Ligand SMILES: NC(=O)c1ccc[n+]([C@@H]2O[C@H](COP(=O)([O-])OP(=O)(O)OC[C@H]3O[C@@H](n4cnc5c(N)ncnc54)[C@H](OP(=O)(O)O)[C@@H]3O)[C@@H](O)[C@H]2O)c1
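First comes one chain, alone, set out as structure tokens in the form predicted alone.
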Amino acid sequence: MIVTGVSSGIGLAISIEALRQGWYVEGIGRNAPTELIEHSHGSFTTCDLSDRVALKELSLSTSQSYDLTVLVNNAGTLGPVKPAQKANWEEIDHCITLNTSSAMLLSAKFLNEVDGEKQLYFTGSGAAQFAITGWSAYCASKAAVHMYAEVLAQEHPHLRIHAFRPGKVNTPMQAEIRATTAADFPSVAHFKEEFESGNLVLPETVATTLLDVINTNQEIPVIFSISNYTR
């Protein structure tokens, strides 16, 4: 299994659960997690996925042959949280590059370079389908990811290709959201309340559900919500 954005949050939880189930996990990101690099079935490649040159040079040819190889495009960023007209080029470009362009290019590499049976997943978002004031770049980037998954699924009907909506998950990104101001993000109070009320989804829940989906033969929509398949 190849997982991007493994240093924390959902990506780290997916890696840990996959290792627990006996998968070989190859992580990609900027910071190597101890849980992965110290495991006999884990490996890590350092790559800033917002760096076009580094991404172009990255190879997804796995070091071993597996019956099934899975790519989870999880790396992402919240991007600028502010009214759309105040976001600058660098902020927008970084968000779109990391959330969307890198996932598209990695997926193309995966389809071209990896042999055998394959499955392909994207960490999507409810923000792809619901406009959120202050999140213009993030909403746009995730909407593009959802549509890209839909297109790939049409082009490769023999492969399992999905984008999953994890819900509000207790990750560093959620902490970043709570640190914003009401002037830039009018709904920040709601996110603080969800955290204080203990309503956030655990990354481990997302991970176990995704692994269940990977391991099942059940028919699942291209875009699906983790909450619909949680044990």
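Everything numeric here is computed off the predicted structure, so don't read it as measured data. A residue's number is simply how far along the shown sequence it sits, counting from 1.
Omitted here: the form predicted together with the ligand. The next part is about that form.
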Quiz prompt | All of Arg160, Leu210 and Ser225 within 4.5 Å of the ligand in the predicted bound form, heavy atom check | solution = no
Practice problem: From the candidate stretches 34 to 42, 178 to 186, 52 to 60, 165 to 173, select the single one in contact with the ligand in the predicted bound form, where contact means a heavy atom within 4.5 Å. | Solution: 165 to 173
Self-check item: Partner proximity in the predicted bound form: Phe110 to the ligand, non-hydrogen atom cutoff 4.5 Å
Solution: no
Quiz prompt | Contact label in the predicted bound form: Leu98 to the ligand, heavy atom within 4.5 Å | solution = yes
Quiz item: Any chance Tyr138 has a heavy atom within 4.5 Å of the ligand in the predicted bound form?
Solution: yes
Quiz prompt | Contact test in the predicted bound form: Cys47 vs the ligand, heavy atoms, 4.5 Å | solution = yes
Quiz item: Taking the ligand in the predicted bound form, which residues of 113 to 140 have any heavy atom within 4.5 Å of it?
Solution: Thr123, Gly124, Ser125, Tyr138
